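Coming up is one lone chain in structure tokens, specifically the form predicted alone.
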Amino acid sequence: MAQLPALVLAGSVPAAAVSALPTALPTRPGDGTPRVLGRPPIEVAALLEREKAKGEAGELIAIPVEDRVLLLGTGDGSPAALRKAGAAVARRAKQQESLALDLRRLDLTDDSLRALAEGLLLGSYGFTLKPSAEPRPLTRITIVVAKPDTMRPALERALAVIRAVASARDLVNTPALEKNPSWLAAQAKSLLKGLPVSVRDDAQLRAEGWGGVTAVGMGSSRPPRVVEATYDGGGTQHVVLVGKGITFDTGGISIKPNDGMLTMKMDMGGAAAVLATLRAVADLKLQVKVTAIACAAENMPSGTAQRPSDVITQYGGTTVEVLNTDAEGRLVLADGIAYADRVLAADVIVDVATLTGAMPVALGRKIAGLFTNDDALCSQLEKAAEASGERVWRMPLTPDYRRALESETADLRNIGDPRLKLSGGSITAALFLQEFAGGRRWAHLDIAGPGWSGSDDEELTKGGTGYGVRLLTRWLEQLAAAPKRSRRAS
């Protein structure tokens, strides 16, 4: 699994870092950068002019003195700019043993320090199963600030979230040969050590009526699991997070082409996000009660797999006509959402899923689709998204699209009727999920785009991104101090 560099605060550049490569200094043209640096002395202003430096976030200029000092562009100094700058300098220094950032000239806030730490450490993340792979040389990063003791609590909180994101990335990046539902359940127990964790096996799921999870998983020789874990911080809110945990998605009988399966080990990214978020919330000791439900199954074609036109009964009794077995994520989520409503009586339900191929077509690879039945909840999540750097865009729950889910043989169908030519596959998927929320405050995050990165990009590294952990943790931090609201949507 991944190992991140140690990140520490100091009041001065340590001697060990001075002799290491490199030391980074923040700069923006005209911001008072020291005029002369290094031996022999280098006039910084002339260097910046010669390099046509703009001081944009992540811009790196090497001082030509044994290449020991870097001028690091910090843009407007906002958390977003510092997150980008941190990732850029960490990648530049990844072949060195240590890195020091002298930021005494920057007016760092708790939020900007948190963002910088995310860029430095998440940009340093790597995952490999090569037996001969050598560990990354960069093992220690020192941030030099004017008052390290004052900022240390903020850094510790940031590190709790960063470790959780790295855990989620590890879960997503693990190959599906190893990552079956029972493996994911075991990993959840390990990740959430110290918290009450229960695992429902296939027999229990059938006995309790988790019809969506069992239907999706019955084509695989590796049966499904549902993980339930709770952190109770004694607050007034009970939040239930439901994650899609399809450990590999072939599409089932409605099988995908080969190219469509190449990244399908990431189809449990929603489950990874909710489990890792619970770990972060517990480590932060937030005054809120949070339950994470990970609905795990492997969607495989076989003689025992569900077929197009089958009718299944979801948790709580709603019947669903399955017209496409590759629209399986909504089936497992529906069980979890119905359980959160009927049994847990949640104040708020948020589900997270790599749900529809239509979502990255609409919003690209960096923005998640946000669907919700509550304007206040939408505002909270949008605020948390802005602060965390995990962007969302609200999508409509168009009421008249609901008729596309009507079935002649069941309460619902699992895909929109193509004869109606309404399209909007992500919208009809969200409308399907809304049916199971029981009118409670509910939001759905479709992370099919940002759940996976095809390349290293700012604080993202190629592979699973752990998307959702930073956003949800920020939201829960905000919610911990908020007054109790109605359990029903406004």
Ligand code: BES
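Note that residue numbering follows the sequence shown and begins at 1. As the structure is a computational prediction, the values presented were derived from the model and not from experiment.
What comes next is about the form predicted together with this ligand, which is not displayed.
Visitor: Quick one: does Gln380 come within 4.5 Å of this ligand in the model of the complex, counting heavy atoms only?
Guide: Looking in the model of the complex, residue contacts with this ligand do not include Gln380, since no heavy atom lies within 4.5 Å.
Visitor: Using 4.5 Å between non-hydrogen atoms, is Ala57 touching this ligand in the model of the complex?
Guide: Close contact is absent here: in the model of the complex, Ala57 is far from this ligand, nothing within 4.5 Å, heavy atoms only.
Visitor: Is Gln187 close enough to touch this ligand in the model of the complex, meaning at least one heavy atom pair within 4.5 Å?
Guide: Answer no; every heavy atom of Gln187 is more than 4.5 Å from this ligand in the model of the complex.
Visitor: With the cut-off set at 4.5 Å between non-hydrogen atoms, does Asn324 touch this ligand in the model of the complex?
Guide: Because a heavy atom of Asn324 falls inside 4.5 Å of this ligand in the model of the complex, the answer is yes.
Visitor: So which of Glu298, Glu328, Glu390, Asp335 reaches within 4.5 angstroms of this ligand in the model of the complex, heavy atom to heavy atom?
Guide: Exactly one residue meets the criterion: Glu328.
Visitor: This ligand isn't shown here, but in the model of the complex which of Thr174, Asn373, Thr230, Thr356 has a heavy atom within 4.5 Å of it?
Guide: Checking each option against this ligand in the model of the complex, the one that comes within 4.5 Å is Thr356.
Visitor: Heavy atoms within 4.5 Å of this ligand in the model of the complex: which of the stretches 273-281, 114-122, 93-101, 347-355 has them?
Guide: Stretch 347-355 is the one.
Visitor: At 4.5 Å, heavy atom to heavy atom, what parts of 262-293 sit next to this ligand in the model of the complex? List them in sequence order, or say none.
Guide: If the 4.5 Å heavy-atom criterion is applied to this ligand in the model of the complex, 262-293 yields Met264, Met266, Asp267.
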